[in-house]
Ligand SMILES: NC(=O)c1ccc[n+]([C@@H]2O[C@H](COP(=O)([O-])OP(=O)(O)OC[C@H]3O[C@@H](n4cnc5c(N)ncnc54)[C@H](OP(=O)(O)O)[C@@H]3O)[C@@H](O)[C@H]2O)c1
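Take a look at this single chain, the form predicted on its own, given in structure tokens.
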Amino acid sequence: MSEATPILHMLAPQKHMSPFDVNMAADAGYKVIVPYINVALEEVGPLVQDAIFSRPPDYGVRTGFFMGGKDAILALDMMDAAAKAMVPPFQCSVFADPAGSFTTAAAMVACVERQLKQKFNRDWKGTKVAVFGATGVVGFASSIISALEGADVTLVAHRGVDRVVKSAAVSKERFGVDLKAVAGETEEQKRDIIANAEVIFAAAAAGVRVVSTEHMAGAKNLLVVADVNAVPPPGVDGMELFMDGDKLPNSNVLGIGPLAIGDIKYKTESGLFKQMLSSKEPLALDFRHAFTLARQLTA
């Protein structure tokens, strides 16, 4: 294996690169980390080629690109642009995790999957999933991961259904999954959605309560609720930060809290960085690889 210095180039379409991701990369073992900000999609290819042609081909596995930002589709497009810029044998590894969403979503889906298997002896196939915060990056990624595993996924719109309709169309076009888009703006709409769900992913904005005790009281089919919001109040009434399969108050529904999810998310992101560092071949890692690792960590 090459003894070249591990270098990571971190691309952000906005004005800041996430300090969280910089720290994760450093702790995983990258020795040189260079953030680039305000990066446009058309700039990705030239940046990648600038990096790969500056080192011998066998140094390629010690050269990495990280795609950040807050837009899942743009991060995937940046990955595609990087792949098109490779000129074998001049290649490097690429990892997309915009706003930490891919690894967070992978961790949430894996944590719920563990409870479904252990407590209910079932998998994702045919499981009815409702995603709150569906237009956010975590909600988007978790909906696709679970749908690819065979779940029956509903995207819930908090303000206007048009945005989730668009998300469903993009998901169908890019990943071949069929997602339902429904309005969840009123209490009555939310109550009906929750009453029909077996799993809920609460991925709404921090500090927003989306599922109440009253909602769950009428949800006779509901098995597991996962909440990624660590900012009070919790996204799910009664959810505690470290819950990992405990029953929510006055309910038989199992809760998975944000720090239980966060533990697996941290290990997943760190693990993918380490995979890039140890691989003998260039890697291209997205939410699917994140889920594969998160699933192993929760097995």
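This one's a predicted model, so the numbers in the text were calculated from it and none came from an experiment. A residue's number is simply how far along the shown sequence it sits, counting from 1.
The same protein also has a form predicted together with this ligand, omitted here; what follows describes it.
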Is this ligand close enough to G45, K166 and K172 in the predicted complex that each of the three has a heavy atom within 4.5 Å of it?
-> no
Specify the contacting stretch among 111-119, 136-144, 193-201, 74-82, defined as having any heavy atom within 4.5 Å of this ligand in the predicted complex.
-> 136-144
Verify the contact flag for V94: yes if a non-hydrogen atom of it lies within 4.5 Å of a non-hydrogen atom of this ligand in the predicted complex, no if not.
-> no
Any of the heavy atoms of K70 lying within 4.5 Å of this ligand in the predicted complex?
-> yes
Should V228 be counted as a contact of this ligand in the predicted complex, where contact means heavy atoms within 4.5 Å?
-> yes
Is K220 close enough to this ligand in the predicted complex to count, meaning some heavy atom within 4.5 Å?
-> no
Pick from M216, V129, V224, A99: which residue has any heavy atom within 4.5 angstroms of this ligand in the predicted complex?
-> A99
The one residue among V208, V182, M86, V177 placing a heavy atom within 4.5 Å of this ligand in the predicted complex is V208
Determine the residues of 261-287 with a heavy atom within 4.5 Å of this ligand in the predicted complex and present them in sequence order; the list may be empty.
-> G262, K265
